[in-house]
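Next comes just one chain, in structure tokens: the form predicted on its own.
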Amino acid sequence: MKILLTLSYLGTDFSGYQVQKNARTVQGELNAAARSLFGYDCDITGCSRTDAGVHANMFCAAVTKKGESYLETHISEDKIPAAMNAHLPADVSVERAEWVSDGFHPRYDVKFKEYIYKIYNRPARNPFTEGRAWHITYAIDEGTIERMNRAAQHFVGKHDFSAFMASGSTVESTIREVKYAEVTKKGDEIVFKVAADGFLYNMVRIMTGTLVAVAQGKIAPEEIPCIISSCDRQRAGMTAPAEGLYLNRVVY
């Protein structure tokens, strides 16, 4: 058996999830905390590899003894979150721990993931959203939100999303199935929510940049299917900044 952790983190001061030499990462902090708690080195496998500056409202990671498919501990699962948090910095928090089978994989067993992208829409900056949302100063009204939402609906379904993948990326397949996508606005906050069975590198950020291009009148909502079918990264919008992106939900 292995332990599956459900956690959240503020990505501002991290160089992404995955361990890197001479860089602070979420996985690095989890490795150090697990070593302190369990008394031996652990392998910690995450459900995703978030980039530098990207946040997670929900992130799942499986913990095993290093080189093994299981974890040895006398600590009960209900005590593990508080015990892990005692060894973790303030920008990472373990919320739940549960035993799962040796064969469980936190990435390959995912049914779908949900991301949200936050935009702060007001002329003056807000110190409380710095590093946590993309600040867009020009007004985006309800009519523009409706156009953005119409554009987002074209993402839904199974498509080749090569046009929404960072240039130079290599994967076996660029086909992904988007379950739902929507754009909403409440007060000064605009949120793009999208769920899929998997995401290509920078896919959500490029989708967001494309929707902002729709807001600017540079791309019409009806052009999205043509952009998707073109498989041409140059046809889509810019890559939105990392700070507005959150892994929001993971469903197994």
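Keep in mind that what you see is a predicted model, and the values were worked out from it rather than measured. Note that residue numbering follows the sequence shown and begins at 1.
Another form, the form predicted in complex with another copy of the chain, is not on view; read the next lines as being about it.
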Exercise for the section: Examine P127 and determine whether its closest non-hydrogen atom to another copy of the chain in the model of the complex is within 4.5 angstroms. Expected result: yes
Exercise for the section: Please check if H55 has a heavy atom lying within 4.5 Å of any heavy atom of another copy of the chain in the model of the complex. Expected result: yes
Practice task
Tell me, yes or no, whether S101 is in contact with another copy of the chain in the model of the complex, where a contact means a heavy atom of each within 4.5 Å.
Solution key: no
Practice task
Classify Y17 as contacting or not contacting another copy of the chain in the model of the complex by the rule of any non-hydrogen atom within 4.5 angstroms, answering yes or no.
Solution key: no
Fill in the blank from the handout: As a check of understanding, the residue in T174, N149, N85, T73 with any heavy atom within 4.5 Å of another copy of the chain in the model of the complex should be identified as N85
Handout entry: Heavy atom within 4.5 Å of another copy of the chain in the model of the complex - the one residue of A181, A163, A133, V94 that qualifies
Key = V94
Exercise for the section: Choose one stretch from 139-147, 104-112, 119-127, 154-162: the one whose residues place a heavy atom within 4.5 angstroms of another copy of the chain in the model of the complex. Expected result: 119-127
Exercise for the section: Check each residue of 1-22 against another copy of the chain in the model of the complex and list those with a heavy atom within 4.5 Å, in sequence order. Expected result: S8, Y9, L10
